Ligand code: GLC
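In structure tokens, one chain follows: the form predicted alone.
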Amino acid sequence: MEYFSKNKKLNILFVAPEARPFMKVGGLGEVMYSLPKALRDLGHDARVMIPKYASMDVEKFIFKSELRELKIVSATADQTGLFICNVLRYDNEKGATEAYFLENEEYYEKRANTYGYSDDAVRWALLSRGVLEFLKQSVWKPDVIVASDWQTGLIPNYLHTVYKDDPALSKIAVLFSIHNLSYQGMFDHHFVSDMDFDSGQEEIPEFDNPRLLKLNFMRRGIMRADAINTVSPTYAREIIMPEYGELLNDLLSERRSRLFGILNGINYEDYDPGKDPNIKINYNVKNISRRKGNKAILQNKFNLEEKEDVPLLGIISRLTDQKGFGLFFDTARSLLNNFNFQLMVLGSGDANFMSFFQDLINEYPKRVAGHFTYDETLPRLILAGADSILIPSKFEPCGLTQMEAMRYGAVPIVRKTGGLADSVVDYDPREQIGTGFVFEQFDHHAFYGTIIRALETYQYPKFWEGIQKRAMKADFSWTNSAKEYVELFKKTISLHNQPIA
């Protein structure tokens, strides 16, 4: 029972398609940097393994050869389909290994992007099996593998089938981490014929078999992992219900004794309004009045009227249906016609939403502004200058924007779902508690009323500043989440020798 010793240091390997600073596309890449770092700060040996992409900066990151000519067999029953890969490693300035990279010219080196290829199923199957073949030969062995999202869902599958009798790999526990259940494989899981349906029971086919494209990697990860986690406690409860379960709710309900939720954190070193080089006027909770200067800069930059007493609402998001922006269709013009506020939109996404917000900009000049292409520094300016950030998501596994907003004193207006429910406390004017404004039902009436509530509260500067300060004092650092993950890793290891339920 040494794993349950308070001082036991664990070896942990995270496997994912992306990880900052080497390759980051979205939130997963950020988590794959911040969580392992927080675990290392706690004294554990946490490492990451991702593909070696051609776009990685080999001058900035010095990669060392770890293993050459790693042979990976694509079939489960025979020796057909042999792939040759190399494994590289990255050591930090202290000489400790932080990351491994699976190198294969055809499937990673020749690709300009991380995602979006017709043979992605092969690329992720190769990563999943390549990791395990590497660990068979590696001196360093993890106590637990964390397989992240559908792209690595075959790792639990391989471990509990092909490698279940391997003397080295059979001892390794595996945690399957769901960051977004709505992506499950190389197809839309809502429209699958009976012929194409993957129950998860058949053997994983060879990489060149078209059947591989039909496998539900997410289902297989959930079925075979020793434990499953999601990125917030509320999302873990939601996904066992049909409304949020993406057709996997019955399976998740069956495995609920092994399903856990831990809220993601944010990197407090990167997101610090007191030191952030991306904003003109730095501030903290003790001199929060300095934020007003950033608001003026933001208004001026986007040709909004420079008015301190007019609330400025911001959006920093993908403009998609999942993020809840359909609620604006029935509310935006009525709100703008009846209440004095400004709106700043930053994001890209579905054409209908981008066109809608562009129409608002044309109709309400000086009050609505937008920027619909990627920009690295604008999110920080909006966080530091906007009075509120709108996040009306249909569902939100975790969400980081609301935590970043609170860190910068931008009051979040959110729907009560997933990580938003776990991180934002609704404002109570009687008790003077709360860190934001929360609505529960996903309809335009609830959304409309909550925005009005926020706009009215803004007219009382003392109360508004109280919300800001409570939000800024909330602790969403990765240290707290990392401590919870350590306990989950210990639980996963204890479950490893129990029958899959």
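Predicted, not measured: the structure shown is a model, and the values here were computed from it. Each residue number is its position in the shown sequence, starting from 1.
The same protein has a further form, the form predicted together with the named molecule, not shown here; the description that follows concerns it.
- Only one segment in the set 271 to 279, 357 to 365, 174 to 182, 90 to 98 has any non-hydrogen atom within 4.5 angstroms of the named molecule in the predicted complex, and it is 174 to 182.
- Contact annotation: of the candidates Met49, Ala454, Leu39, Leu28, the single residue with a non-hydrogen atom within 4.5 angstroms of the named molecule in the predicted complex is Leu28.
- The partner is absent here; in the predicted complex, the one residue of Thr114, Asn264, Asn229, Gln342 having a heavy atom within 4.5 Å of the named molecule is Asn264.
- Heavy atoms of Ser348 never reach within 4.5 Å of the named molecule in the predicted complex, leaving it off the interface.
- Not displayed here, the named molecule is kept clear of Asn86 by more than 4.5 Å at the level of heavy atoms in the predicted complex.
- None of the heavy atoms of Ser253 is located within 4.5 Å of the named molecule in the predicted complex.
- Contact annotation: Arg318 falls within 4.5 Å of the named molecule in the predicted complex, judged by heavy atom distances.
- Contacts to the named molecule in the predicted complex (heavy atom within 4.5 Å) from stretch 394 to 414: Glu396, Pro397, Cys398, Gly399, Leu400.
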